[in-house]
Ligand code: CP
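Let's start with one chain on its own, the form predicted on its own, as structure tokens.
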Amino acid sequence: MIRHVPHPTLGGRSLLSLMNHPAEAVRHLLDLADSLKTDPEWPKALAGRSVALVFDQPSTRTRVSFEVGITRLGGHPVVLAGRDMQLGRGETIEDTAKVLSRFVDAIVIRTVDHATVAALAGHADVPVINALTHDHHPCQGLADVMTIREHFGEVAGLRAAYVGDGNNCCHSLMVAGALMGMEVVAGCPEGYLPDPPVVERADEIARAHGGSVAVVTDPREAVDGARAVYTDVWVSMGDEGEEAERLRTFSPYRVDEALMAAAAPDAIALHPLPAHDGLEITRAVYHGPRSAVWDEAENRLYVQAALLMNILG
């Protein structure tokens, strides 16, 4: 049986991004996630607790991993699609936050606008977890770093490359990697670079822990010497109107066997899924021997369960 003491900086606290959480707390989460993965006898740490799962956007991995994790911890997941709520009919975020706070012990929300999550957390009386916004995807970042640790052990100084659109997954890999002292390099085309304030803050965090964060525009420069090569979709939800232009711009950034050959010999390929075969990544890579994509997807279950155990523990 896993015996767990919540980290003092996480208890009762919302998680909107990883930028304001200390490295020791993130390492504590990852260590607990490792234990949950190897020990099938989970504690009923959420017994008698209910967690609202609010989905403004379609979801496979996020919904299933949160539902399964909450249930295995003895809690009750309350799944709410956007169409099931009064938000779509004009109820304010403030009112929604206050009402949900009377019913549940935490709120997990997946939506587009990061300001919506921040407003919900500002008005709620219970912790709020960001399950994806346009700006940040912290649960994915935790799963990414957990997966890299599984394959390589200590990750301080390890080089990880992100190739493609400088989006929420890029931001969260930068910050999670920075907290672990990794060297994270994003290779993105002009016009699709990660947000400069996020890069600046992530690099500041990384240098405090012996790592670094950088942005380049050449994908081969980004992956040179990298032991993890990460990409994401080129056309995210909400970007469909730019699809033709994005496909033209990102084609040199495809993660294929040739690009993987430019990385370290033992490099793994990562993708948050769903993947578009032959666009941002080829099937030969994400179904091939260097793929860690399926471990990465599974690890969402463990990092999110560890997060809930700390927040509600």
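Just so it is clear, the structure is predicted and the values come from calculations on it, not from any experiment. All residue numbers are counted from 1 along the displayed sequence.
Here the subject shifts to the form predicted together with the named molecule, a form of this protein not shown in this document.
- Looking at 114-122, 75-83, 134-142, 205-213, the stretch with residues near the named molecule in the predicted complex, meaning non-hydrogen atoms within 4.5 angstroms, turns out to be 134-142.
- For the chain shown alone, Pro58 is a contact residue for the named molecule in the predicted complex, at least one non-hydrogen atom being within 4.5 angstroms.
- For the chain shown alone, Thr62 is a contact residue for the named molecule in the predicted complex, at least one non-hydrogen atom being within 4.5 angstroms.
- Among heavy atoms of Pro272, some come within 4.5 Å of the named molecule in the predicted complex.
- The named molecule in the predicted complex comes within 4.5 Å of a heavy atom belonging to Arg110.
- In this stretch, 164-192, not one residue has a heavy atom within 4.5 Å of the named molecule in the predicted complex; the partner itself is omitted from this view.
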